[in-house]
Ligand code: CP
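Take a look at this single chain in C-alpha cells; it is the form predicted on its own.
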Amino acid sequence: MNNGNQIRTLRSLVNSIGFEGHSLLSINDLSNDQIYGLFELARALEPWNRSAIPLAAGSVMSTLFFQPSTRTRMSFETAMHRLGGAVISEANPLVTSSAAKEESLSDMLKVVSKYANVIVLRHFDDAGAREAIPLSEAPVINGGLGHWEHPTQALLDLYTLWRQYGRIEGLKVCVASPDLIEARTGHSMAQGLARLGAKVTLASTSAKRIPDEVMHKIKAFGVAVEESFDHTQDSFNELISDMHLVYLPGCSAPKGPEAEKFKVLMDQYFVRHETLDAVREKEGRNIYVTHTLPRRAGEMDLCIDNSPSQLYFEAIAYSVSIRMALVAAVLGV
C-alpha cells in the first residue's frame, strides 16, 4: 500500500471514531466503540512509532504540566512529532510561566488555546482544572488531574492488555495498592476494565479503599467487581495467583514520619517473582504484571523485569501509538 492509500485508510479510521474537537477528561468521555476504535487506529499506527506520518502537519500541541512527568509528557510530545505536528511545552509552569505571577489557570488556558490546536494538561487541583477547562478554545486532554483520573494512562494499559490477549472481556484483573484513594490511574483503569467486561478485583487497605464515587460508577456498568482488604504478603500473592493481570497504579506515598508506616503497608502488596513462576510451571500460563511507573524500591520483585510476566516496559512503546491515535482523533486529521 502506498503512502497516500495508507493515509486515506488511517483517516477513515479517525473519522469512524467521531471524537474530533472533544476534550478527554475521564475515561468515561469515550464510548466502548470509541475505545475499540482507538485501539484499531493505534494498531494501524504502530509502524510509525519510530518514524513519522504527516497526519497532523500544521497542528500544534501544548503540554502544560504543573506536576512532574517523564512518560506522559514525553510520550504525548513524541506522538505529536510522529504525526508531523509541532509541540510547545511548559514543563514547570509554576516557575517559568505567568502562573508564577498568579495568573489563573482559566486565563492560561484561554491564552494557550489561541496558540495550540490541542492541550495536554497535568494539574494538582482536579476540581479547579475541571472548572477552568471548558474555557479553553482548544480540546484539552487530561494528563493526570489531582487524585481524580488519569484516563490516557488507563487507555494505554487497556490497549497493552488488548494487544496481549486480543480481548478485555472476561479477563481477571487485580488493581492493587495500599492506597486506592489517591491512585488516579487506578480509578480510570478500574472503570475502563469494568466498561469493557473484565472481572475486576480492587485490593487495598480498608482505610484507603477506592472512593465511593468511583465504585458507584464501576458498579453501574453491571459487571463483577470485588474489593479485597488488608492483606498480608502471603494472602495477596495467593489472591493474584488466579489473575490474568496484576495492575499496580502506584500512589502518592507520604513523606516524613508517615513514610515508614506506609512502606510496611506496601510490603504487604509485594508481587513475588516466585508466585508468577509457580503458576507458569503448574498451569502453563503467564500472570502479567504492569506498573504505571515510576516505581519505588521494594514495591515489586525486580526479577519480574526479565521475565515473561513483565508488561510495564512493553506498555511504554504502546503508549506512543495509542496517544498518536487519540491526538489524531481529537484533531480529526
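Source: prediction; values computed, not measured. Residues carry their position along the shown sequence, with the first being 1.
The next section is about a form of this same protein that is not shown, the form predicted in complex with phosphoric acid mono(formamide)ester (CP).
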When phosphoric acid mono(formamide)ester (CP) is placed as it is in the predicted complex, which of 264-272, 286-294, 37-45, 22-30 ends up with heavy atoms within 4.5 Å of it? 286-294
Taking any heavy atom pair closer than or equal to 4.5 Å as contact, tell me whether residue 130 reaches phosphoric acid mono(formamide)ester (CP) in the predicted complex. no
Would residue 59 sit within 4.5 Å of phosphoric acid mono(formamide)ester (CP) in the predicted complex, counting heavy atoms only? no
Using 4.5 Å between non-hydrogen atoms, is residue 307 touching phosphoric acid mono(formamide)ester (CP) in the predicted complex? no
Does phosphoric acid mono(formamide)ester (CP) get within 4.5 angstroms of any non-hydrogen atom of residue 81 in the predicted complex? no
Just to be sure I understand the contacts: of 136, 72, 177, 160, which is the one whose heavy atoms reach within 4.5 angstroms of phosphoric acid mono(formamide)ester (CP) in the predicted complex? 72
May I ask whether 147, 187 and 211 each come within 4.5 Å of phosphoric acid mono(formamide)ester (CP) in the predicted complex, counting any non-hydrogen atom? no
